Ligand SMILES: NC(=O)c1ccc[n+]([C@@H]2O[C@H](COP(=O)([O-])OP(=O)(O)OC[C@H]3O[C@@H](n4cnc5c(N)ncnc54)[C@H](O)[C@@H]3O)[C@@H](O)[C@H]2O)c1
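As a starting point, one isolated chain is supplied in structure tokens, in the form predicted alone.
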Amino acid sequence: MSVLVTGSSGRVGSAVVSRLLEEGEGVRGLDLRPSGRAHANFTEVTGALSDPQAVETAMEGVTCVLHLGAFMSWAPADRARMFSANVEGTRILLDAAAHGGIRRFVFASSGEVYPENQPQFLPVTEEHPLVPNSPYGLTKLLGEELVRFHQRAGRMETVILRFSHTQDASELLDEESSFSGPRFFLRPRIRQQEAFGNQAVADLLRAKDPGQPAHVAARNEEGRPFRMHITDTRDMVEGVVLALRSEGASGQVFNLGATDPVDLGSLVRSMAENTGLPVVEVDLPGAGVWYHTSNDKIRRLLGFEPQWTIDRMVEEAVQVRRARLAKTRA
């Protein structure tokens, strides 16, 4: 098997490439950023998903496609770029795959297609209505429709994976992380909200600043802590590989993520016990994030079993943070 991985320099994509190479597969990467990876079984094409020539070159000689590449943004200025990459890029890739006789095409979608932040029922299953409320979620839903069109055409096997929020355990306690910093630390969250243009929220957060670095435990306007899924990259890789290889995956749609949602209030308190930083609780306007997405289908049909619980992820994050601080002080 020879596999094309789009987004091969990204968080999940690079980890998938490593896994496939370790198992002896031939892999080609397609990404805007070169990976710098040197391996006898790895080649890469540097280019955009929306560039037909780059896609045609990347498709040569491969038998399966893992379409993990995408552009995610909530900034209005990025909307045209996002639709170009996520919708037009997916169309170009699918057309090239169908023309090239690709056996299986796995598409990384998102829980934003439901969306998880405004569920109509819980737990969110694959049968939940698809009514995205963000431009990013809309691009992913349009990508799914393109995939379903090709599945109906019968030219190749397709699999849709609706990705959970994904993080490397090592970054959970890193204030500089673009994912974990704003989610778990007060000052990075203030900077994030200012960048989004949410000045009222930024001012609300700033008013709680204790004058030193601190964790933030966000709650909704009624004081309910946020709840969401946080999935370790290594578990996501396992699900992607199962979707690539499992006979029962063909034509299916799966939620891919951790089994249990995480209460962020409890998680932040656990983090603070290890960092020694104070915890600031902030009630933010609106209903807040509070959902549970079921991974029962992928567990039942493909045998997926996440190994990295949030407690295990935090244990690793603590070790990494201690090593980083020790290096800084040396």
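Start at 1 with the first residue shown and count on from there. Everything numeric in this text was worked out from a predicted model, so none of it was measured.
This next part talks about the form predicted in complex with the ligand, which is not shown.
Asker: Can you check 282-290, 32-40, 269-277, 296-304 and let me know which stretch has heavy atoms within 4.5 Å of the ligand in the predicted complex?
Answerer: Correct option: 32-40.
Asker: Name the single residue among R219, R91, R234, H165 that comes within 4.5 Å of the ligand in the predicted complex, judging by heavy atoms.
Answerer: Contact with the ligand in the predicted complex is made by H165 alone.
Asker: Considering A48, V262, C64, M59, which brings a non-hydrogen atom within 4.5 Å of the ligand in the predicted complex?
Answerer: Filtering the options by heavy-atom distance leaves A48.
Asker: Applying a 4.5 Å heavy atom distance criterion, does N255 contact the ligand in the predicted complex?
Answerer: It does not: once the ligand is placed as it appears in the predicted complex, N255 has no heavy atom within 4.5 Å of it.
Asker: R11 near the ligand in the predicted complex, any heavy atom under 4.5 Å?
Answerer: Flag for R11 set to yes.
Asker: Test of understanding: in the predicted complex, would A85 fall inside 4.5 Å of the ligand by heavy atoms?
Answerer: Taking the distances in the predicted complex, the answer for A85 is yes, it comes within 4.5 Å of the ligand.
Asker: Just checking whether A75 would be counted as a contact of the ligand in the predicted complex - the rule being heavy atoms within 4.5 angstroms.
Answerer: A75: no contact with the ligand in the predicted complex.
Asker: If we check the ligand in the predicted complex, which of the residues in 67-84 reach within 4.5 angstroms of it by a non-hydrogen atom?
Answerer: Contacts from 67-84: L68, G69, A70, F71, M72.
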